[in-house]
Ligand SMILES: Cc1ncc(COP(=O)(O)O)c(C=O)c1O
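The chain below stands alone, shown as C-alpha cells; this is the form predicted on its own.
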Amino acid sequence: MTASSLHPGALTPAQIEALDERLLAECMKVRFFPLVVQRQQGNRIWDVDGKEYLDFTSGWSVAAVGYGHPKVVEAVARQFRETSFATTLSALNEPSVRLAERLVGLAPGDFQKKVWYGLSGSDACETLGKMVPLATGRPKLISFIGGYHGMTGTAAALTGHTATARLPASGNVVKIPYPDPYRPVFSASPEAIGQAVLDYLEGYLFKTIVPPELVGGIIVEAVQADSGDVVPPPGFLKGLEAICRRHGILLLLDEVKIGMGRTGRWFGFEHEGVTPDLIALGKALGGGIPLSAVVGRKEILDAYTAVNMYSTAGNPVACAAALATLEVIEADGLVQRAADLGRYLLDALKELQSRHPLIGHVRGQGCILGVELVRDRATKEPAARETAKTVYRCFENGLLLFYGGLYSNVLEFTPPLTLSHADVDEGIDKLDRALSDVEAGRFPDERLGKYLGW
C-alpha cells in the first residue's frame, strides 16, 4: 500500500510535504514555513505533531471570528443537512436573500442597492472590472500601484502588485501611486502625499492620457493590505470621493481583506465617512467557507443578465455561514474589540521598534497592522531576507505570521478579532525573541530553504 492510498491522518509530516511538492502546483503556493495543519480552534492551530501555534494571520484575514466558532459550525451543519446545495443561478434559497438584506443594510448610500455573490475576493473584484465599463459605457478604470485585487483576469489587471507582474494586463486599466506616508512619491512629505496623489490624478492624468469622461470607476483600498498594510493619510479617501463625484466616476472600494470589522469599523472606508458606489467583500464574510460579494448600485449590477455568474455562488451553506459570522461579530462586539485590540497591539509593536533596529516603521488601523523591516532606517533599504527569517523563527517559536509588501519586507498582523490581551503579550514575546535572533545572526540563510514567501 502506498502512502497516497492511506487516510490523510495516517501520513507523516514528511510524507504530506513530499506529496504536496509532487502533486500541488507551485503557481498556487506562497509558503513561509513548513506548517502541516491538523487542527484549529479559536486563535490556535495545531500541526500533525501536536505542536500548538498562536495565530496572528487568521489565514490571510479569513478567520475573523476565530477557527471553528460554535455558532458558525452549527449554522453550516444545520444548513447542509437541510439544503446541501442550491444554485442561485436557477433557483432561490432563503439564506441568500437574508444575507443580501443584511449586507444592503450595512452598506451606506441613499440609492437602490443589490448584491452579487461569488466565491473569492478575486471574483468580486472581477465583477467590478467587468460590470462598471459595461454599465457606464466608460471603458477606462483606474487602480493604484500596490493594490491587490485578485488573480483572475480582470482582477489581476486591476492589481498593482508584483504577484501579478508576469500576467497579461488589460489596456483599459491605468495605475497611479498610492499615498504611502513612509515611502512617499513625488518628493512629497508624509503629510502632503495624499493631496499630491490627488493633484496628480486630477491635474495631470485627467488632462493628458485619461480624460475623465472615459473613466468608469476608480478602485481603491481604505488600507492597502498586500503592498505592506499602508494606511493613507487622513482626507485622502474623502478627496478621492470628491474627484469621482465631480467627474461622474464610480468609487469602488475593495474591502475584501479589511472589511467585516477588522479596522474597528464594519468597513475601512467608514473612518473617512465616504460612500462607495460598489463594495467588494470576501475572506472573513464566509467565516471560513468560500464566499464573496459585491454590494452596490442596482443599475450597475442589473445592467445585463447572465454575464457574470458562478454555479456555486450564493449557495445556502456559505450564506448560512456568513449570516452566523455577522451575528457573532455583532453579538460579541468584535468591531469595537478590533479597535481596542488594535491599539494595544500597535503600542506593543512600537515599543518593540524602540529596541530593534530592524524595525523601520509600524503602522495600522484596528486589527490590520504592518511592521516594515529595513536594514538602515536612514536609507529605508528593505530587509527582505531578514523578514523571511523573522517569520520562520516566529514559526519555530510557536507564532504564525505572514509577510508581504512590494519589497517583501513587511510583517503583517491580521489576527482573529477574538484575540485577547494575553494572546497579544504572548505573541509579542515570541516576535521579540525572533527579531533578536535574526539581528544577532543566529538564523543562518540556509535554514530558510525553499520557504521564501513572496
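Everything numeric in this text was worked out from a predicted model, so none of it was measured. Just count from 1 along the sequence shown to find any residue number.
In what follows, reference is made to the form predicted together with the ligand, a form of this protein that is not presented.
Options 181-189, 252-260, 135-143, 90-98; stretch whose heavy atom lies within 4.5 Å of the ligand in the predicted complex: Correct option: 252-260.
Using a 4.5 angstroms cut-off on non-hydrogen atoms, would G150 count as touching the ligand in the predicted complex? Residue-level check for G150: yes, a contact with the ligand.
Partner proximity in the predicted complex: T83 to the ligand, non-hydrogen atom cutoff 4.5 Å: Output for T83 is no: heavy atoms all beyond 4.5 Å of the ligand.
Even though the ligand is not shown here, does C125 get within 4.5 Å of it in the predicted complex, heavy atoms only? Heavy-atom contact with the ligand at 4.5 Å: present for C125.
Wondering, does G121 line up within 4.5 Å of the ligand in the predicted complex on heavy atoms? Although the ligand is absent here, G121 would touch it in the predicted complex, with heavy atoms inside 4.5 Å.
Would you mind picking the one in D277, E372, E241, D226 that has a heavy atom within 4.5 Å of the ligand in the predicted complex? In short, D226.
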